[in-house]
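Both blocks below hold the same protein chain, though in two forms, and each is given as structure tokens: structure 1 and structure 2.
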Structure 1
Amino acid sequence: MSEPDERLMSASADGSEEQVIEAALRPKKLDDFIGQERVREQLSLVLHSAMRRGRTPDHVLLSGGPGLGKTTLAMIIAAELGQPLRISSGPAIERAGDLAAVLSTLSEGEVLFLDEIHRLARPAEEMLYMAMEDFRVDVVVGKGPGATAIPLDIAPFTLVGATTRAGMLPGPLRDRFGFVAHMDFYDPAELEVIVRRSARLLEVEISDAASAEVAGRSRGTPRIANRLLRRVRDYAEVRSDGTVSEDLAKAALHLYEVDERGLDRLDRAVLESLMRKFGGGPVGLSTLAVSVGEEPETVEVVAEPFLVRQGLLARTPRGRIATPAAWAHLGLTPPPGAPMAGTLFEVGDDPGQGE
């Protein structure tokens, strides 16, 4: 590997630096948050109304795909309220005692952020019900018939829950949130604004055409837009004078295997395997995953949602099928009798695993 290539790879390797940069790119105020206009307006009313009344705001539930700004909004909520933010996640709270330990140390008005709240353990979830409604928890001491429940009052707080799978959230827990918002994917124009803002913070000189190029390949997700911008910056610093032009952005994104529609290596591997090895399908999820050397969950969670949103793949009761748009995107000719999206199933059918 040449020296420039080594420098380019090392520029992407420092994970701690990436975390620091990502934190610096997060907006600090609700007015600075780009996109999600309806959610921002609704949330602003909730927060400012509570502050005018001198009350703790209702609990907030944010749902949507990864990288859309749920954690950033939780940080902004705490900043707008002038309160500290406590961050945890559903998988990290394995027992009710873990949750009780967190809740008992909250100060009045503090904001508790629980990421992936749908993965909260059942005993902790049941304890959270009472904490959200009555600001009280029952701590059980002992086991068996001699166990005693000791009530423990906790300071009024605001819970901000985030989930990427709103359908897995139990109804009783969802109903205890006073404000529920769903975060949509961003359109390219909004992502262009985010890219230009991040470029200013990173002190990267980038043309409008290059900003549009990065935004158009970001899968509607600000986190991906910022990540691609940093990789384009690395390329510009190593291979050029640091200025990002449209042609340089295209060359950098080609090197990192992100095509003009935002498909990455895994996305294209799934589509190519589906079309070249299985004639466009239908094929089951497990079989498709084995053919690309990945776990079924990786294909289903990482690749499929974007491919389906782009109209390149469809899930049917018989399995996954490639759409005409997928054949066209990869420049392949479908064989006679290749399945077409929309012809094998009707609305309401359960796609299942296709196995």
Structure 2
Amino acid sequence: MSEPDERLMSASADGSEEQVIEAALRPKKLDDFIGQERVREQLSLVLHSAMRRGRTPDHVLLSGGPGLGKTTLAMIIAAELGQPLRISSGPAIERAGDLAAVLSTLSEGEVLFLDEIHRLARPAEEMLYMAMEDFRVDVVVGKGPGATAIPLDIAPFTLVGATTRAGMLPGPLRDRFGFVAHMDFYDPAELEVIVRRSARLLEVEISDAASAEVAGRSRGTPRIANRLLRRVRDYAEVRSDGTVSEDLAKAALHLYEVDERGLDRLDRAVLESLMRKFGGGPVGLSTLAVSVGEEPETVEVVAEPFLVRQGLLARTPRGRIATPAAWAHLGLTPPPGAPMAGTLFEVGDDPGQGE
């Protein structure tokens, strides 16, 4: 079982440049974690009160979109507690036995990070309920009528689960987390601090105006801020003397097709398809995803939250629709029958996973 674990663990050791740099840029302490003020304060209380009582803290669920800092926070939790961190993920645990193997080898107080916990297989999920609640698992030996369940005590541990789709988490699992942290998009001022911090660590010279430019186009997401910073740095190194000025940042971001609002190719593809092929909607998520050659989950988790947040796309019970702001942003004219030309639907009526 430890194989998928090790693969995940070593991702930063021999992974892509992005992974290596991402690891290097990760804040290591709660105090260095920028933004998410409320989550940080709440989490700090959960951790420090548990430490004061000499107990393992409640299980923590981190929910939020890709690149908002879930893995980073999981590592910080273990570091703050002074405990080792075991990393695995929902998809890596195929059978209940895989999970039993992980759980039974945890040391007391250890932090177990389960990434993409909404993708945990059903039998493993049920085993996890008991482990979270009673620090005990039933290991089933044998098959059919002769099968027996052998109870096995496990050391008290803290589970940190991460999910980009909290809505897909079954109620019983969700309820077993004593603390649920919702990570939201970062505001531009916070991202600016992140960009400046990363620039310092990467030894990139960047002006404040350029930092603001990068931050403003980062879709509220630290991972994207760091990525754009690296692309801007590449541009500065090859086309200039390595120093990032505001004009240079703008030119570089234009080259990489990141627009003033931070929309990238996928965001624009989704909006364009919605407008050009479906007259602005309403259209179902899967149809929309197929039309841009992506998985529905990618469109739903990666592109949509930002577009909804920007007021460019609305999720309605009948499907996705482009808002007037979207038509304006892409410089297109809505046909007379386009949704919301006369506000057919309530914006903000968000049925979540619904089509």
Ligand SMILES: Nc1ncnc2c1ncn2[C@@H]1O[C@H](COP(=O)(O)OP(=O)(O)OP(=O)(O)O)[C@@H](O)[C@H]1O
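Here, rigid core means the biggest group of C-alpha atoms that superpose within 1.5 Å across both forms. Note that this is a predicted model, so its numbers are computed, not measured. The first residue in the sequence of structure 1 is number 1, and each one after it adds one.
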{"item": "Between structure 1 and structure 2, the form predicted in complex with the ligand", "value": "2"}
{"item": "Per-residue C-alpha change between structure 1 and structure 2, residue 57, threshold 2 Å, rigid core fit", "value": "no"}
{"item": "Residue 284 C-alpha moves between structure 1 and structure 2 by 2 Å or more, core aligned", "value": "yes"}
{"item": "Flag for residue 303, CA shift 2 Å or larger between structure 1 and structure 2 after aligning core", "value": "yes"}
{"item": "Rigid core superposed, the C-alpha shift at residue 316 between structure 1 and structure 2 in Å", "value": "4.2"}
